[in-house]
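This document opens with one chain alone, in structure tokens, the form predicted on its own.
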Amino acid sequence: MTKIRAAITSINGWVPDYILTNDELSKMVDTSDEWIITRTGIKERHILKGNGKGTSVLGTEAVKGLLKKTGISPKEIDLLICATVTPDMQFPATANIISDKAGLKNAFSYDLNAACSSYIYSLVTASKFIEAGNYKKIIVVGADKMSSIVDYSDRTTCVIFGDAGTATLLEPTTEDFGIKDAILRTDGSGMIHLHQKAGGSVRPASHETVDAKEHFIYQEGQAVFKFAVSNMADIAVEIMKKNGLKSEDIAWLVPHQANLRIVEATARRMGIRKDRVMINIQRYGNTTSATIPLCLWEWENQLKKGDNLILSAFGGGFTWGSIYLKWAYDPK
């Protein structure tokens, strides 16, 4: 029996027009361009402005662009999974809202939250629907409006995050391309180091939680950095060894853009040259669920059919994972 794999057949990204620079941030908090670049590698980030605009705006624009780019009718899409940590609201799922706005009338849809590993987790989940043979066209949206949960008086977190939306099309293939393998991991004890304190069922929104600024990102930077450097690099090396891949076999490393130092440490551990690592953190910051697909979108014209790619991410939870995929199409 011929094996069916899920292949990425197109990808699209969308970012808001407004750009928040390091110089502008230095007027809001006690920081500087040099301080931010030295510690994170970030120079600017895009921010979604306007009342009533949430993550669904980012995702919808990315999906509409993808459909236009491919010439595919919205009615052909079977499933949409939205990877996000910043849903428009607790319910309905942001995926439902995006499906409605983009005209996906025949698709079922739901959200998936694994913090900064959400895209990796969603891509693997979507691939299983394809491999089962029941679905032909699936869109994975990676979108986050991180500015909605950032405290712009906290210089340790406000410099890191930006807003972006992406849409990845998955289709079946019987050729030797697509998602070949994946390793996903979780360590829930890491929750204490990175979380949002209020807004869930444990601490519902109240005057007390709002006054205490508990609806923003809480992060213990040094602890998260230490875990991210070791686990993101280790899991990338693990999937290479599992599939008999050497560093020279890898065309591109596509890492989660959390911090430039973490990206560089992962590449060194894998033995990957810097010119084979996708890095755009300087322009977008950490867009959480959108970082990896933003890289794929920006590098799409440089990717060649048959290229071996390693995708690697680390996020709150703690969650982390790596995907080995073989690129399925040449530049168009």
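Position 1 is the first residue in the sequence shown; the rest follow in order. The model shown is predicted, which means the values in this text are computed figures rather than measured ones.
Omitted here: the form predicted in complex with ligand UT7. The next part is about that form.
At the 4.5 Å threshold, heavy atoms of residue 70 stay clear of ligand UT7 in the predicted bound form, well away from it. A residue is said to contact a partner when one of its heavy atoms sits within 4.5 Å of a partner heavy atom; residue 156 meets this definition for ligand UT7 in the predicted bound form.
Residue contact check for residue 275: none of its heavy atoms lie within 4.5 Å of ligand UT7 in the predicted bound form.
Under a 4.5 angstroms non-hydrogen atom cutoff, ligand UT7 in the predicted bound form has residue 314 among its neighbouring residues. Screening 171-179, 137-145, 240-248, 222-230 for residues having heavy atoms within 4.5 Å of ligand UT7 in the predicted bound form returns a single hit, 222-230. Just one of 64, 43, 46, 39 comes within 4.5 Å of ligand UT7 in the predicted bound form, counting any heavy atom, and that one is 39. For the candidate set 167, 82, 116, 164, a heavy atom within 4.5 Å of ligand UT7 in the predicted bound form is found for exactly one residue, namely 116. In sequence order, 256, 258, 259 are the residues of 230-259 having a heavy atom within 4.5 Å of ligand UT7 in the predicted bound form; the partner itself is omitted from this view.
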